[in-house]
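Only one chain is shown below, in structure tokens, and it's the form predicted alone.
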């Protein structure tokens, strides 16, 4: 039997994979990282200039400790990478207290003692005049700890920090198959095969081509940037912070102000509408009018002062799980393969914390946080 070339290899070096490689290398593991494309590429789920960071995680109570740990690790990664990655400029959650967004935010804040400020509709209009057409019982919840993470810079910074700590990285390398046995895993590529003791598969939307995880589906999600048509109201990030706004049941308008050369970033979370199934092997990332048509209908009433047509549109891929939570853990039939998938449009903020969880799992340890609600076995 061939000797393993490394204790751990990480396949897929996007948000979660790059963070896992960094955390492994910091432990002296000297891991191998394999990426199908380039560093910080724009073909998957980890691009677009900014990603929202929140501690009031309304998606699941167990995510709050993960967000807090991720915040600590973002600061550590900033020191290792030598550049700012997380800007905590505050964030705004808007909607009815009985709705998912505000109701879930208030519940998370109360359960975990998170600092927030509740704004009545008049106070919300006075402080953030960009938001118009509030519902009759809409309120705002201000979270000072919220902000944005810079995805491309974060990935490249994590990879630099991992290399500095001893990791080896292979980009533009496609993994064609995994062959586990009792003592390790063979990783096959078109050029060569290599053997390692354990593998972390963080291949995002391409995960199903390497390992079987039931229930996951890949969808196409457009991301759009708009420019102000009226300069009388500022849409810069300090004045127009990250937000999620429930404008109807099941429809959430989200975005952040212009910053660092990017225009106002906006999206409409409506998984049964704007997001459509996508084959990750399909190389077509072209955009079409349908990508922004519904959003353009919403903007004049809710965010007046923005141009009706976007200045830029990009396509992002999302991997959705049946319950909307991440999928992490070792495969029952192959315990030396750890999988990470199901970003569900809220995974980037947790990337550093998830990287630490994956490093724990890949080295045979127990994660320091309870992430049992993400267990890969729950769909089997």
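Computed from a predicted structure; not experimentally measured. Positions refer to the first chain, counted from 1.
Keep in mind that the form predicted in complex with a small molecule is missing from the display, and what follows is about it.
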Between the options 73, 253, 92, 203, which residue brings a heavy atom to within 4.5 Å of the small molecule in the predicted complex? 203
The listed residue (221, 124, 86, 218) that reaches within 4.5 Å of the small molecule in the predicted complex by any heavy atom is 221
Check residue 210 for me: does it contact the small molecule in the predicted complex (non-hydrogen atoms, 4.5 angstroms)? yes
Determine whether any heavy atom of residue 34 comes within 4.5 Å of a heavy atom of the small molecule in the predicted complex, and answer yes or no. yes
In the predicted complex, does residue 11 come within 4.5 Å of the small molecule, counting heavy atoms only? yes
May I ask you to state whether residue 16 is within 4.5 Å of the small molecule in the predicted complex, using heavy atom distances? yes
In terms of non-hydrogen atoms within 4.5 angstroms, which of the given stretches 138-146, 110-118, 221-229, 96-104 touches the small molecule in the predicted complex? 221-229
